[in-house]
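Take a look at this one chain, the form predicted alone, written out in structure tokens.
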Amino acid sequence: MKFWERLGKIDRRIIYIVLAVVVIIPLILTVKLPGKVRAMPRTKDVFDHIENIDPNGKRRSILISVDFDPQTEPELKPQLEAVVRHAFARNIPLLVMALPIQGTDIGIEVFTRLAEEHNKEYGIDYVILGWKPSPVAVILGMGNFIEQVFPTDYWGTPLSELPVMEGIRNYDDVGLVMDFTGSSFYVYWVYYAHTPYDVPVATGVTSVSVADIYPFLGSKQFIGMLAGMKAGAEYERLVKDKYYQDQDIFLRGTQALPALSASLLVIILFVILGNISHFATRRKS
């Protein structure tokens, strides 16, 4: 029984070291999971909705709200990049904004890099609207007239001078609002965009927020959901299989997924060993 007693009192620093090793090694060696990542239905719903947006139709654009900060970036950035690649592949105009000010710089970095990768031009294929205070006023105001809230882009150029905004006046011209958030900003888009203006809304959230989203999915207030880093890898696979089969592109979520899977397996293993130790030592006493 001494073995199980010692195991139950293992120094937590050893657990942290083991976790660090199983996370770092797959990232350094670029370990790949066996087989392909299978997309869950909610992820596929978002993909299918964007597939059905007509770039030349009435609701031809996607409004992306980058509502997360560096703390949740590892989970949400793969989702954002995958959706942007999908939209760029389909030549869908993109409007980019942020409800928290921290999301602005993240959005600029992602769109600048991916636009260069896809030979997309600022002002023609996408626009950075930036940030304004008071999320409720911003979202409601855009339902009336986008230029009323954002008369200029992030750098001060009038929206009326940008070709990407031609024919895009308000939510009637938006095929999807896609909100990426590590908090509860998604409720703003449900309450003040979808409910009064009937614009389709989807969200990308961290894994811990998934349970809070299901009531909105069940009531059809969200058309779909991307849940955590795994959903980012799922969406990357859907987009790559259809549009980038012969291209070697960096898939952030797919690369990080083996490390995530390994860390979860180690945590489960320690939980099992801890319970065995507990029952074994209790029986002895």
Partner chain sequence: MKRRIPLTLTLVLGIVMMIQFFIPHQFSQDFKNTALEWLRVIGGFAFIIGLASFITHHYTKIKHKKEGWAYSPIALGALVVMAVVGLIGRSPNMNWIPVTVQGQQISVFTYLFSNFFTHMMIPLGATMFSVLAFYIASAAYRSFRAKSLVSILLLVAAFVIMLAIIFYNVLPLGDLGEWLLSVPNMAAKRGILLGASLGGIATSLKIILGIERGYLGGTK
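Because the structure is predicted, anything quoted here is derived from the model rather than measured. Numbering follows the first chain given and starts at 1.
Not on display, but discussed next: the form predicted in complex with the partner chain.
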### Query
Within a 4.5 Å heavy atom cut-off, is residue 215 in contact with the partner chain in the model of the complex?
yes
### Query
Is the gap between residue 240 and the partner chain in the model of the complex 4.5 Å or less for some heavy atom pair?
no
### Query
Is residue 183 one of the residues lying within 4.5 Å of the partner chain in the model of the complex, judged by heavy atom distances?
no
### Message
Just checking whether residue 144 would be counted as a contact of the partner chain in the model of the complex - the rule being heavy atoms within 4.5 angstroms.
### Response
yes
### Summary
Heavy atom within 4.5 Å of the partner chain in the model of the complex, from candidates 202, 199, 92, 138, belongs to 138
### Task
Determine the residues of 51-75 with a heavy atom within 4.5 Å of the partner chain in the model of the complex and present them in sequence order; the list may be empty.
70, 71, 73, 74
